[in-house]
Ligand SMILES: NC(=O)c1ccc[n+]([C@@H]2O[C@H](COP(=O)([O-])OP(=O)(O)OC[C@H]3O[C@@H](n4cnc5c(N)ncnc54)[C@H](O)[C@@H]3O)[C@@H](O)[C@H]2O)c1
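There is one chain below, alone, in structure tokens, taken in the form predicted on its own.
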Amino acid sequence: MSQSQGELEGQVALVTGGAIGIGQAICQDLSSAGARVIVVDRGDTSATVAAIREAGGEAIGVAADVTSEAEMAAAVQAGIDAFGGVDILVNNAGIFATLAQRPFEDIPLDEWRLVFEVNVLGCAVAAKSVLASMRSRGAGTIVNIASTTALKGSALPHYSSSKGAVLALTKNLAREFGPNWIRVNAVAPGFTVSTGVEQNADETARMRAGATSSRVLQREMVPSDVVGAVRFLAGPQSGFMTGQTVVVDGGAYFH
């Protein structure tokens, strides 16, 4: 689909955690649908921005920590300055691949706090930061990246619990933002072989080994498997959907 024919033509999308992995794939796919993209990450966003521009799209990169209200406000303002506002927010930033699998009683409380601060509070801060822009534009859509671990549990109880909180936040924000025609939905991927997983192979090896065999569609899941659901929820085809969770995991969990 060419840039001029995309269903998101004229829309501006802000994607957190957009430098690598699933976030990078989402940024590129939303751009291919016609959206102008604000790539937000603590890391270097230049590769994602360059890939979008090389494909004929428009993008800017902003360094920001999703747990910082000031930094996220600045990221949104950068998007307003460059593109006029924000129509779509994808809350993708999170902590997962660096977490060690260990018994519940051995997980430090500080690690619980960090996981919840990034995975849950980060979504809330980002949603708060885009709210005024979406209201001023008369509508908007937020897509939260959750996880099937929130639906079936996992060997990472703090991660799984944080993603359960993301699902609850999705429903609450959908109710509150609905009168402003701001839709809020979630995508719950299964175990995905992303850049982060590959960079932390020792920590993720056990989960990776069991993921494929648990699926009806027996192959590894990759970032490009997630983007279609995100694009659907961000676009006009899902215009009467809010507060919903779409599971994408090859049939490991029937939701």
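Residue numbers run from 1 along the displayed sequence. Here the structure is a predicted model, which means the values were calculated and not measured.
Another form, the form predicted together with this ligand, is not on view; read the next lines as being about it.
This ligand in the predicted complex is approached by A64, whose closest heavy atom lies within 4.5 angstroms of it. This ligand in the predicted complex is not approached by G34, whose heavy atoms all lie more than 4.5 angstroms from it. Heavy atoms of G210 never reach within 4.5 Å of this ligand in the predicted complex, leaving it off the interface.
Under a 4.5 angstroms non-hydrogen atom cutoff, this ligand in the predicted complex has G21 among its neighbouring residues. Stretch 85-93 is the answer when you ask which of 131-139, 85-93, 175-183, 104-112 has residues with heavy atoms within 4.5 Å of this ligand in the predicted complex. Only one of A126, A75, V143, A146 lies close to this ligand in the predicted complex, with a heavy atom inside 4.5 Å, and it is A146. Residues are counted as partner-facing when one of their heavy atoms sits within 4.5 Å of this ligand in the predicted complex; in 161-192 these are K163, P189, G190, F191, T192, in sequence order.
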